[in-house]
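This document starts with one chain, in the form predicted on its own, laid out as structure tokens.
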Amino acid sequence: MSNTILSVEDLHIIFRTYLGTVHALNGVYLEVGQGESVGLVGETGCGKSTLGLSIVRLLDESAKITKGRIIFNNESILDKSQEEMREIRRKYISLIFQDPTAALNPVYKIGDQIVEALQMSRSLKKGEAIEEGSKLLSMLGIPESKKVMEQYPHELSGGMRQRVMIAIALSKSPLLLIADEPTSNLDVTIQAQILELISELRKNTKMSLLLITHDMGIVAQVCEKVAVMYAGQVIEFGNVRDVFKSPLHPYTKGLLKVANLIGEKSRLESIPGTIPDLRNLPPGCLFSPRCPYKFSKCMQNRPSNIFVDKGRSVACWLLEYKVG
């Protein structure tokens, strides 16, 4: 197994709101090896973006980490000062935000923002940074890239702003790239082009990738491993080929059917029910209210991760009897 660049251990995060305490993450375990690509999948509201933001310590003020550890490059992220975290974000971890409008500074030109990122991370002179920034934008399918660098974020379309965000993230040549739905606003042609560029960069620089997405097809195309999240927990983890070929958790099976990757190809599938209210979590397995295979133990006790093979884990009582 490759050296671990990121390790999340039993992470619990709550948000205090006027409607009550939201239990956003409920004991997350996750590992990303050096040079590995890991897909993080699950329904909207399951905690994927919260996990990504917690790794770079950019959570909202209402959030509180109540338990757990985040280890990046053999150092504890949660023990770092704000200045140390800014240095880590400048040089070692890049984050592609889901909403580029909120991430780009509206009062600075696109070129200024890309040049600043290049100069901070790679110590380039301004002229060199301008050329490199223009080249990056061109590689991401932006025509007349030098003209775009003279524009402000509000002058660009949503898809163009998303590509600018990706350019800024890739300009650092980070150890770890966290990409939160990086191609959601892009057409299929540009999406394929960007995913190919990210994959090529990984091969050339040994960069690790944590790809946050709801698209199982993209995970199959880009990632080596997959972590399936549900209600703030990673309930299945393993090699993409193993998980997609033989899913062990009922929720994973449901996601793959919804994505039309298993089962009858012409039949539209869905998972009955919804994610539980994170302010009032049910006892036992959090998926049990929706699970067609539940039995009494599922509704009484929450399962821990069972390691069924090297690098493969599942949090499901059904597996206890098969393994034990």
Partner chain sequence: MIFDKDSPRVRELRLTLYVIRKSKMAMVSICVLVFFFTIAILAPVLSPYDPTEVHPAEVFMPPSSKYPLGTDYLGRDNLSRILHGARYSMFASLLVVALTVLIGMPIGAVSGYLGGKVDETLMRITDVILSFPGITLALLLAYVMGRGIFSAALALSLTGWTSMARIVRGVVLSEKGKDYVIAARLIGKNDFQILFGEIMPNCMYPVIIQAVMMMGTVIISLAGLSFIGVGVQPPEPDWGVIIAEGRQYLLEYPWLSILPGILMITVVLAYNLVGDRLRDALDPRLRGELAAK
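Numbering follows the first chain given and starts at 1. Only the largest set of C-alpha atoms that superpose within 1.5 Å between the two forms is called the rigid core. The structure presented is a predicted model; accordingly, all values stated were derived computationally and were not measured.
The protein also exists as the form predicted together with the partner chain; that form is not presented, and the subsequent description refers to it.
Participant: So, in the predicted complex, is Asn105 in contact with the partner chain at a 4.5 angstroms heavy atom limit?
Facilitator: Yes, Asn105 is a contact residue.
Participant: Does any heavy atom of Met120 come within 4.5 Å of a heavy atom of the partner chain in the predicted complex?
Facilitator: Residue-level check for Met120: yes, a contact with the partner chain.
Participant: Hey, in the predicted complex, is Leu177 touching the partner chain, heavy atoms inside 4.5 Å?
Facilitator: Contact check for Leu177: no, nothing within 4.5 Å of the partner chain in the predicted complex.
Participant: So in the predicted complex, is the partner chain close enough to Val219 to count as touching (4.5 Å, heavy atoms)?
Facilitator: Residue-level check for Val219: no, no contact with the partner chain.
Participant: Of these, Cys291, Leu255, Val56, Val38, which has a heavy atom no more than 4.5 Å from the partner chain in the predicted complex?
Facilitator: Contact check passes for Val56.
Participant: Note which of Arg241, Lys80, Lys135, Arg90 lies within 4.5 Å of the partner chain in the predicted complex, where distance is taken over heavy atoms; exactly one does.
Facilitator: Of Arg241, Lys80, Lys135, Arg90, the residue with a heavy atom within 4.5 Å of the partner chain in the predicted complex is Arg90.
Participant: Within 4.5 Å of the partner chain in the predicted complex, do Leu209, Glu224 and Asp309 each have at least one heavy atom?
Facilitator: The answer is no: none of the three residues contacts the partner (heavy atom, 4.5 Å cut-off).
Participant: Would you mind picking out the stretch of 188-196, 135-143, 211-219, 148-156 that comes within 4.5 angstroms of the partner chain in the predicted complex, counting non-hydrogen atoms?
Facilitator: Going by heavy atoms within 4.5 Å, the stretch is 148-156.
Participant: For Leu211, state whether the C-alpha moves by 2 Å or more between this form and the one not shown after rigid core superposition.
Facilitator: Comparing forms between this form and the one not shown, the Leu211 CA shifts below 2 Å.
Participant: Quick check on Gln233: with the core superposed, does its CA move 2 angstroms or more between this form and the one not shown?
Facilitator: The answer is no, as the C-alpha of Gln233 shifts between this form and the one not shown by less than 2 Å after core alignment.
Participant: Would you say Ala103 moves between this form and the one not shown, meaning its CA shifts by 2 Å or more once the core is fitted?
Facilitator: Superposed on the core, Ala103 moves its C-alpha 2 Å or more between this form and the one not shown.
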